[in-house]
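Only one chain comes next, encoded as structure tokens, the form predicted alone.
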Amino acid sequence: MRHRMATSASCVLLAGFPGLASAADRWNMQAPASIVAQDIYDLHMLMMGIIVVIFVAVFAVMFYSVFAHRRSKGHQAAQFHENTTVELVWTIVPLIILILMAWPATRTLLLLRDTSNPDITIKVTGYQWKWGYDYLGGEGEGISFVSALATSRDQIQGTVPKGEHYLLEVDNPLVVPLGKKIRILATGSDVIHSWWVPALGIKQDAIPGFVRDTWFRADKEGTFRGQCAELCGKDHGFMPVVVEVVSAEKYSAWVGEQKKMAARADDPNKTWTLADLMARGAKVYAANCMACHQANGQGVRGTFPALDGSKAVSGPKVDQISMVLNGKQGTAMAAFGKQLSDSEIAAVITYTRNSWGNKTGEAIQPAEVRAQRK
């Protein structure tokens, strides 16, 4: 009922102002794709309608009073004190308006916090500057991956035309099934981030040391895009969120494929060739290291050290493995032990030790990384 009332009020408002209808798609909120987003959208339109009515009424009375009772027409200002009727009107009317606004707002807030009985639980971890996803419950349990910006550096630097989804595309989107209640557990590994997907009506701060929960249930298939909504450092603007909502059948197929890929990629008994490690390491480096150390390995003077010619890279491999796994205190070097698998860390270390001017010829195997995990 409230949805119909809010929608009707929106239609009346747009009908009264034809220009708003054509601009709605550009300037209004994104089209809702979940019941939560629909409630937020309806609440927004209801509040906007009330505000417009109040604005028009107040200014209409004010301009009429200024015009009809101006001094040049001989009107004298009325003199009265403590008019009981006026006092009651401007107390009761705002109270009624506040109640009309508070009732649906409270209902929406309670709906936003109802994370009970989820079909799937996903842990979302914010990193500088990417997202980690761990499927903790429901179909897909055990799947883990990192989602990073997929927009090329050439586009960012302006050397090639920008794509359709510039800065809003990732290498590994979050995939969820249509019509299922998805509980999100959000936390951060370094600084405060915020996981935000407007079309799904979901926005939750990811705070280090805390786990905050929220939920959504998508009611239409498609790809929905958002961003980190909390200023989190140098590459805050390069930290998009992409959620793909698919049918139950497609989701089951995706789960099966993800588990097969994980088994193949992280086989503890597999020995990788140098060429295979270099190829995979280049992708891992681009997604996790390039933002700080740059594509040419030169880093940023005074901020992020160069890897090209670095003693940390050309020195003992056990020291570099330890640094990548555990980070380095007092510096911007983050710990990647919880973000990357053994094979990914082995690949990226191999890549840095054999790229640019570094030519150690060594191939680091996943077993060596696993042996150094704490």
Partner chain sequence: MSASIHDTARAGHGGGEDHAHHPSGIMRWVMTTNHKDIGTMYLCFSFAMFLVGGLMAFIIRTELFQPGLQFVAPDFFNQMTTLHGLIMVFGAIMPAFVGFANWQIPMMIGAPDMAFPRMNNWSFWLLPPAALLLVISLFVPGGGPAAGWTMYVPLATQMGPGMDFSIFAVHILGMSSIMGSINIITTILNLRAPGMTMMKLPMFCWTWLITAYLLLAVMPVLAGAVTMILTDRHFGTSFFNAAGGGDPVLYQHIFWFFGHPEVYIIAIPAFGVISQVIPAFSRKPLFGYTAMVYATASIAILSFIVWAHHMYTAGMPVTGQVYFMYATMLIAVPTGVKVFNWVATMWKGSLTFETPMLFAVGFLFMFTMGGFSGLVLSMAAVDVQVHDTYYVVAHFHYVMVAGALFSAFAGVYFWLPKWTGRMYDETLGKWHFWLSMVFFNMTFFVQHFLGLAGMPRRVPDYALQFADFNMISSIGSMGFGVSQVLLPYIVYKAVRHGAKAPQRPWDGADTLEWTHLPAPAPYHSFETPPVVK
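Residue numbers count along the first chain shown, from 1. All values derive from a computational prediction rather than experimental measurement. Throughout, rigid core stands for the largest set of C-alpha atoms superposing within 1.5 Å between the two forms.
In what follows, reference is made to the form predicted in complex with its partner chain, a form of this protein that is not presented.
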| query | finding |
| --- | --- |
| Contact test in the predicted complex: Leu43 vs its partner chain, heavy atoms, 4.5 Å | yes |
| Distance check, Lys203 to its partner chain in the predicted complex, heavy atom within 4.5 Å | yes |
| Contact flag, Glu87 vs its partner chain in the predicted complex, heavy atom cut 4.5 Å | yes |
| Its partner chain contact in the predicted complex: Gln294, any heavy atom under 4.5 Å | yes |
| Answer option from Trp196, Trp254, Tyr135, Trp272, heavy atom within 4.5 Å of its partner chain in the predicted complex | Trp196 |
| Single option in Leu168, Ala286, Ala148, Val175 placed near its partner chain in the predicted complex, where near means a heavy atom within 4.5 Å | Leu168 |
| Check all three, Val58, His81 and Leu112, heavy atom within 4.5 Å of its partner chain in the predicted complex | yes |
| Residue stretch of 115-123, 138-146, 226-234, 255-263 approaching its partner chain in the predicted complex, non-hydrogen atom distance within 4.5 Å | 226-234 |
| Residues in 90-123 close to its partner chain in the predicted complex, defined by a heavy atom within 4.5 Å, in order | Trp90, Thr91, Pro94, Leu95, Leu98, Met101, Ala102, Ala105, Thr106, Thr108, Leu109, Leu110, Leu112, Arg113 |
| C-alpha of His44 moved at least 2 Å between this form and the one not shown on rigid core | no |
| After fitting the core, His75 CA displacement of 2 Å or more between this form and the one not shown | yes |
